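Only one chain is shown below, in structure tokens, and it's the form predicted on its own.
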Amino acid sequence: MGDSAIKVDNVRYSYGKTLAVDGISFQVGRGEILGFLGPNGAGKSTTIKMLTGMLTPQGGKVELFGLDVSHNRKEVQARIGVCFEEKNLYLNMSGMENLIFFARLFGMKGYDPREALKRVGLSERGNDRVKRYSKGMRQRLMVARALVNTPDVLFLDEPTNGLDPVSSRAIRAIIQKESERGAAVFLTTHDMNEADQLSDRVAFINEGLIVAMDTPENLKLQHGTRSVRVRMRENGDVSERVVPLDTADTGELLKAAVGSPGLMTIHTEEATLEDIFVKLTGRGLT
């Protein structure tokens, strides 16, 4: 990947005798959204901390924009945006004051937070103290704060956690806009539908190792089973049948189903990212 925003080369990290990240390597291009997926304890948080300069790799190398993160923390951190699941907002400040204060940390004088608040649907509550915000409102403010410095790389940990469907959709639209602007997005989430919708590629990490990395579509084709679910009504009873699409008698089975007077619905099915993760690792995402 010639125009990479993130390069990770054989990175390792242990907590005592516990190996958290075991020699992983990958790249993320500018404007690319990478879904970094795995269960709790798989190594996701440790990886993010090394990418953002919070931890120094015990082996291997992390580069952002061609800079070794371990030796250029200040320069790298000035060009990234971070939204962690744990919220570290100033509760006695207003939403506007939180964003202005954060902008000053980047040396941005005269920053106007109104546009950022508008993007996350908090225009009408910008002057309210954050301690009066709901969990979902605080999460939206965290996303706005991550965008203050117009980052080149955006790290998002469960960005729609606690949000209602409308707010979640708005945050996903912001993530896509940031990608279109050219920012690389490193996304961790337990919501496999969200990862599927947003990610250009996904990486599955389990026990400190990346066990698969590709586009969602390619992973489904490689590891999933294509099928059609047929719903029928026969003698007053409703039944369902799954017809695989890759067998010798698929055509005849589908022809019989479509020609049946009891046919109610017929639709294609594909493996989900969670199905594939369980298949590859033998464990779920929680």
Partner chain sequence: MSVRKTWQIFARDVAMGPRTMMVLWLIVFPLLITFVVRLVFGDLIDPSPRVGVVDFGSSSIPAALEADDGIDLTIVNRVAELQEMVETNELDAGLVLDAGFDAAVQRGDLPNLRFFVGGESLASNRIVLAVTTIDLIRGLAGEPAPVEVVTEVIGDGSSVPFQQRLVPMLVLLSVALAGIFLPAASLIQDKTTHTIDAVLITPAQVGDYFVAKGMVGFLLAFGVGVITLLINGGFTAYVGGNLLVVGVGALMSVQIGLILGAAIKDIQTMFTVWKGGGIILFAPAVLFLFPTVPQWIAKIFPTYYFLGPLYEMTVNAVSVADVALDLAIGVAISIALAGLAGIVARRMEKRLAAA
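Not measured: the values here are computed from a predicted model. Numbering follows the first chain given and starts at 1.
Keep in mind that the form predicted in complex with the partner chain is not shown, yet the notes after this line are about it.
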For this session: Just give me the single entry in Arg73, His190, Lys118, Arg169 that has a non-hydrogen atom within 4.5 angstroms of the partner chain in the predicted complex.
Result: Arg73
Problem set entry | the partner chain: the contacting residue among Ala256, Leu67, Leu245, Met54 in the predicted complex [heavy atom, 4.5 Å] | Met54
Seminar exercise, completed: Within 4.5 Å of the partner chain in the predicted complex, heavy atom basis, the matching stretch of 59 to 67, 256 to 264, 235 to 243, 46 to 54 is 46 to 54
Exercise. Does Leu105 make contact with the partner chain in the predicted complex, using a 4.5 Å heavy atom cut-off?
Worked result: yes
For this session: Tell me, yes or no, whether Asp164 is in contact with the partner chain in the predicted complex, where a contact means a heavy atom of each within 4.5 Å.
Result: no
Exercise. Does at least one non-hydrogen atom of Asp112 fall within 4.5 angstroms of the partner chain in the predicted complex?
Worked result: no
Exercise. Would Leu89 show up as a contact with the partner chain in the predicted complex if we use heavy atoms at 4.5 Å?
Worked result: yes
